[in-house]
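As a starting point, one isolated chain is supplied in structure tokens, in the form predicted on its own.
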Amino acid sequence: MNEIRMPERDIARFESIVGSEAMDRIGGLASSVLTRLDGRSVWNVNSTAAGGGVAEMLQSLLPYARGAGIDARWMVMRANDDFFAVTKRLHHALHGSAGDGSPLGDKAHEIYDTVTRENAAAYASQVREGDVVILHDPQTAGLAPYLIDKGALVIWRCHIGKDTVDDEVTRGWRFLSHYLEDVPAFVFTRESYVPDYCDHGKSSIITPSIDAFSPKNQSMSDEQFRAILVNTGILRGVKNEAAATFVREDGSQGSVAMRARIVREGRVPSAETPLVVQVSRWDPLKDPIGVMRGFVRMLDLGDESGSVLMLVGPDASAVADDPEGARVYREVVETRAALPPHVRCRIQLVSLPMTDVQENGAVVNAIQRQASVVVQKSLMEGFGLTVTEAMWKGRPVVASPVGGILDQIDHGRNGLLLQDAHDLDGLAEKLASLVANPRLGSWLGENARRRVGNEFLGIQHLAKYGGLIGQLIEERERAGNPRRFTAADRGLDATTGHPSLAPPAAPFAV
């Protein structure tokens, strides 16, 4: 496993946003959690150090936990392409999608178990009895039995899910249930994501958050974000190297020097060009091709603004746990290439390097601030942090009514929701109305920023985790020395210690 070294950051900086009374309550909670931990570490484990919402949240939250005196640590699994193909299939299944259609059978379990076993062996020397370990998403679930045997207090945090159950969702949970049956606590993003096999009394709901001070979300002047976009080649204009700056996580000044890889024809947009933007991984569930088709329908309505669609994503080769990215990106390129020239010149594909994650975040920040409208036309969505980010920047958002997006956008008040995730005509009409009426967009954006400030910032997120960890430690102490399960108790193979591949004795229900 790779440990990501994290700095310490003072949570007091949030006082300017949430006020002194809230900070006093949070300070009291932090002191209580520190007492309960009594020297224990709090580990977070996920599958990638860069790319995707989980990595971003850990990068922003853990320094504040460390600044509050908690020994918060972050480990990233070592895995191979076969493992990530299986976990990407699981990712799709929990969203109700078949993904590449591969079976989640014995072979998939064998691949998953082999990598899990190797990582668990490396972890054994790091985790002490009584440490708290938060495992994030399907990639890490297989570690739970090993860590529980080690005496760790394990929380499994699932950031994804689907509001309704179908065969794919059931298939995904059937695969994972072997590994999770003795986990004492679960965290989900929405109540509807909690499967029936989980004891709902062990499940907590914690919504994700953004860091208002990170390079991706910090305040920027118009001069600053436009200079960044000129530097990267996204906007045309006179370069202003002195203004193309941002504040790094350690407080030092960063400069944006990266050049985006852009598929475009015709002129580079100016600062006055209305931009319709979707920022996402190159993932079929983000439906970039659907966004493109909806934008084409908007042009068919007679758009006279000269607006440009920008589909923005990471360099498709730079996200380790997403083997589909390069294929989806090629499909988007090919779909755009098949459009008529007069339409094609209004659609641009922007790939951002991931070499410097903070610089990448600053460029995303600038793009979202320049956008006239931000789109998130996901077919499925765990929460949708790109929506949260755009709302924090006061941008009007048009999004699908799926997953956690429904917990963020009140239609007509702080954003606009489509009728359904496949509503291309609705997308076209809503884009046209916002491009033509900037005052409506400003009003929606102001309401959106207030919503995020009240509910979806990192300080609220940390407080919820702190409360959960304190509660779990207290319950464990009240119980005395909890029973230590053997491999046989959990239906595990007595030799290898990993889950048996035999199906459950009783019908599996979600």
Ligand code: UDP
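Residue numbers here begin at 1 and follow the sequence given. If you're wondering where the values come from, they're calculated on a predicted model, not measured in any experiment.
Note that the form predicted together with the named molecule isn't included here; everything after this is about it.
> Of 228 to 236, 81 to 89, 334 to 342, 275 to 283, which is the one stretch near the named molecule in the model of the complex, taking non-hydrogen atoms within 4.5 angstroms as near?
One stretch meets the cut-off, namely 275 to 283.
> Though only this chain appears here, would residue 432 touch the named molecule in the model of the complex if you measure heavy atom gaps against 4.5 Å?
Contact check for residue 432: no, nothing within 4.5 Å of the named molecule in the model of the complex.
> Do residue 383 and the named molecule share at least one heavy atom pair within 4.5 Å in the model of the complex?
Yes, residue 383 is a contact residue.
> In the model of the complex, does residue 145 have a heavy atom within 4.5 Å of the named molecule?
Heavy-atom contact with the named molecule at 4.5 Å: absent for residue 145.
> Would you check, heavy atoms only and a 4.5 Å threshold, whether residue 269 touches the named molecule in the model of the complex?
No, residue 269 sits far enough from the named molecule in the model of the complex that none of its heavy atoms falls within 4.5 Å.
> Could you tell me which one of 309, 352, 418, 160 places a heavy atom within 4.5 Å of the named molecule in the model of the complex?
Spelling it out, the residue with a heavy atom inside the cut-off is 352.
> Between the options 137, 324, 389, 287, which residue brings a heavy atom to within 4.5 Å of the named molecule in the model of the complex?
It is 389 that has a heavy atom within 4.5 Å of the partner.
> Can you list, in sequence order, the residues from 355 to 376 that come within 4.5 Å of the named molecule in the model of the complex, counting heavy atoms only?
Read in sequence order, the residues that approach the named molecule (within 4.5 Å, in the model of the complex) are 360, 364.
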